[in-house]
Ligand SMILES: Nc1nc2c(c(=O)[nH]1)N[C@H]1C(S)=C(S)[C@@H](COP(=O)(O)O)O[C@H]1N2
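Presented as structure tokens, the chain that follows is alone, the form predicted alone.
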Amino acid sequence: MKPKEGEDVIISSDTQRKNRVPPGQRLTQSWPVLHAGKVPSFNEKTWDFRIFGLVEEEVVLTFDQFRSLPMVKVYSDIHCVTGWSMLDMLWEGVSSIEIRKLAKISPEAKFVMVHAMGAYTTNLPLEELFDDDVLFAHRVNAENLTPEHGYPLRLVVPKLYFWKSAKWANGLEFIKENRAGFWENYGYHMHGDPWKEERYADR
């Protein structure tokens, strides 16, 4: 879904490429549902979002507090490590930069471990987390995300393979040393740049 003319939208730089499909990828019009385990149950009265680790003071937001944060729209493409890509995705949610304002992060922190419901995790360098097109989304293409695609909250990191865009996100743990998350422990690349085909760790 392309932005309307004059709409206030953050445009991911990858959408400006002449060829928007990375090597080894194919376009799809349908959005596959891929995840390990079951879709976790969600209760907005008990859900919270934690910001912890190398921060001056831990922050915990309720569902209502999180949804009251300023919202942005981001126009991006997405690329799954399994080989499919979708173009023209219009996300709505809270910018990661807005989240950065909520806690004083230690200068020692160089990476973040993203936590999600269902014990899922994935790792990112801080510069990737705080890129201007990264957000915690609850809507896509003018509709709420479905639970299968990550509702109530999905991190979206457009410039990396889509497993880094953790479904059901509910926490950020700031860390000093890079640490493998769920799929990284199963051999996926620690970074995941689709334009470099960083799919799997070197053996």
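On a predicted model such as this, the values are computed, not experimentally measured, just so you know. Throughout, we count residues from 1 along the sequence that is shown.
Unshown form predicted in complex with the named molecule; subsequent notes refer to it.
Original post:
Just one stretch in 43-51, 56-64, 130-138, 163-171 has heavy atoms within 4.5 Å of the named molecule in the predicted bound form, so which one is it?
Top reply: After filtering at 4.5 Å, what remains is 163-171.
Subject >> Partner proximity in the predicted bound form: Cys80 to the named molecule, non-hydrogen atom cutoff 4.5 Å >> reply: Result yes; Cys80 sits at the interface with the named molecule in the predicted bound form.
**OP:** May I ask you to check whether Phe111 falls inside a 4.5 Å heavy atom distance of the named molecule in the predicted bound form?
**Re:** Although the named molecule is absent here, Phe111 would stay clear of it in the predicted bound form, with no heavy atoms inside 4.5 Å.
Original post:
If you check in the predicted bound form, is Ala142 within 4.5 Å of the named molecule, heavy atoms only?
Top reply: Outside the cut-off, so no.
Original post:
Just to confirm, Trp84 within 4.5 Å of the named molecule in the predicted bound form by heavy atoms?
Top reply: Yes - in the predicted bound form, heavy atoms of Trp84 and the named molecule come within 4.5 Å of each other.
Subject >> Option touching the named molecule, based on a heavy atom within 4.5 Å in the predicted bound form, out of Leu124, Val74, Val94, Ala116 >> reply: The residue from Leu124, Val74, Val94, Ala116 that makes the contact is Ala116.
Original post:
Which residues, if any, of 1-32 lie within 4.5 Å of the named molecule in the predicted bound form when only heavy atoms count?
Top reply: Those in contact are Trp31, Pro32.
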